[in-house]
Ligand code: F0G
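Below you will find one chain, with nothing else, as C-alpha cells; this is the form predicted alone, and questions on how it binds or moves follow later.
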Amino acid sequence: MGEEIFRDMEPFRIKMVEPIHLPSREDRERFLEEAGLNVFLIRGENILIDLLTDSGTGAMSDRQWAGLMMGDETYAGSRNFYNLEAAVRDILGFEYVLPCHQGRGAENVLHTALIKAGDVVPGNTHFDTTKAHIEHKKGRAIDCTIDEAADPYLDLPFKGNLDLKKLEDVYKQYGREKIPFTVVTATCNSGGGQPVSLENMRKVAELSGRYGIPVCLDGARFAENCYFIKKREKGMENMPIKDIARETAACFDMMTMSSKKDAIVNIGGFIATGSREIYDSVKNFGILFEGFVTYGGLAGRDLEAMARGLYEGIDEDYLTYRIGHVRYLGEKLRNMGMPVLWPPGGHAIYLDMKEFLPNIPQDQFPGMAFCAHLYLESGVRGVEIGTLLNGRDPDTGMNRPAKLELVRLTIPRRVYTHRHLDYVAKAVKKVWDMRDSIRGLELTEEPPVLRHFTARFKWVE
C-alpha cells in the first residue's frame, strides 16, 4: 500500500515558499492593455500561476542550493566545470563538454560552426529558437515528423518520431554537402511535448550514417523522453533511466542541452559530443560568444547546480511524479470536455485552438487571443505554439500556418501543487464557456525574428 501511495505523491518536502497573489480584474485589464495583449510582456509579479514555460522556472533542491555555495569562480579551470563534465560523461557518455549560458546559446555556437548559407537541416518539428537560428544562418529547416503527429487526438505512444522515408527523401535531394546535420528533439516541444522512441532514434542514426550525415540531439528534455521510453517501449520496462539515457545518447554525434529543463536549474546549458573534430569546430565560437571553455558564460556555482541537477533529473521517483503531475492536468481538462492534445506530453498540456476557437482564422492568432482571455479571467499565463510562433516564410513573407494550432500550459518542475492545477482547469473552462465572444488579434508591432516574444496586438473589429 505504501508503495502505491508514494507513486501518487510528490517525492519531496517543501521547506521554502514564495507568496503569489491575484491582481484585481481592473488591474489585469490594465496590465494586458499595457502589454499590447501579449502576455509575454506582463511583469511576472502580476501573474498568479505562470505556465508560460518550464525553462529555468523549476525549484532547485537543497543539494543544488548547497552546491551554489561551493562555486569556484576561477576564470579558467573551475572545479565545477570538471564536475559537470564528469556528470555528462557518466550519464550520457559524451567525452567533450562545452558549457553555454542556455540552450539557445548552445544552438548559436553549434549552428555558427556548422551551417552555411543554402544548407537544410531536417528534423522533427523544429522549435522556434532552433528554426530561427537555422534561418539566421541562411539555412532552412525541413520538418520530417510522422504524419500522425498532426492529429491532436490520435493516441500513439511516440508521436515525436521522424518519418524515415521523408528523411531519406531529404538526404537524396540535398546530399551531404547541403545537410550539416539532422536534429532530433526529444521530447518534441512544438509537436505537443511528444516523445521519440529509442527504436526510431536508432533507425535515424543508422540511416544518417549511411549518408554520412551527423545527427544532433536537442536534449533539453532527454530525461522525460527516457521515462516515456521505459514506460511505453517494448523491452525497455526493466532498464534503468540512466541506461536508457546512455542508449539514447549513443545514437547521436552531438547534443545541445538547455539545462533549464531536465537539469532543473535556473540558467545553463551545454554542447556535448564524442567527436574531437566537432568539439574543435565549436569551441572557438564558444569562447567568442559564451566565454572560456570551462565556464561558457556561467558562474561556477551555476555549473555545480547543473552537474547535480542532471542526476536529479534522471531519478525515477522524481520522473514518475513529474510526468504524472502533467498528466493530472491533462486528464482533468479532458474530462471537462476541453480539446486537449493526446496523449499528454512530458512537460506541458496543449490545447487545440482549431477546436477551441474554430471561428478565429489562423492569421488572427487564436492561441494568443486565448492566452489574453485566460490571463484576464484568472491571472494564469500560458503561451501560444502556433501560427504566430511559426513566423513568416522567409521567401514569401507570408504567415506560415501551423499544422497544430496550440496553446501550451507548461508546468514548471517542483513548483505548483495539484490545487494550483485545479485552479488552472477551472480557468480554462471559464474561457471555454465564453469562447463564442472571443475575437481574433491583429498585429500592431511585429519584430522580424521570433516575433511572438515582443509583438503587440489589437483586437480585430
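For clarity, every value in this text was computed on a predicted model and none was experimentally measured. Numbering starts at 1 and runs along the sequence shown.
Keep in mind that the form predicted together with the ligand is not shown, yet the notes after this line are about it.
Segments offered: 182-190, 338-346, 238-246, 291-299. Contacting the ligand in the predicted complex at heavy atom distances within 4.5 Å is 182-190. Residue Ala220 is the only one of Cys226, Ala220, Leu84, Met368 with a heavy atom lying within 4.5 Å of the ligand in the predicted complex. This chain is drawn without the ligand; in the predicted complex, the residue among Ser55, Ser61, Asn38, Asn46 with a heavy atom within 4.5 Å of it is Ser55. The candidate site formed by Gly103, Phe127 and Arg408 is fully in contact with the ligand in the predicted complex, as each residue has a non-hydrogen atom within 4.5 angstroms of it.
The closest heavy atom approach of Lys260 to the ligand in the predicted complex falls within 4.5 Å. Heavy atoms of Glu384 never reach within 4.5 Å of the ligand in the predicted complex, leaving it off the interface. In the predicted complex, at least one heavy atom of Glu107 sits within 4.5 Å of the ligand.
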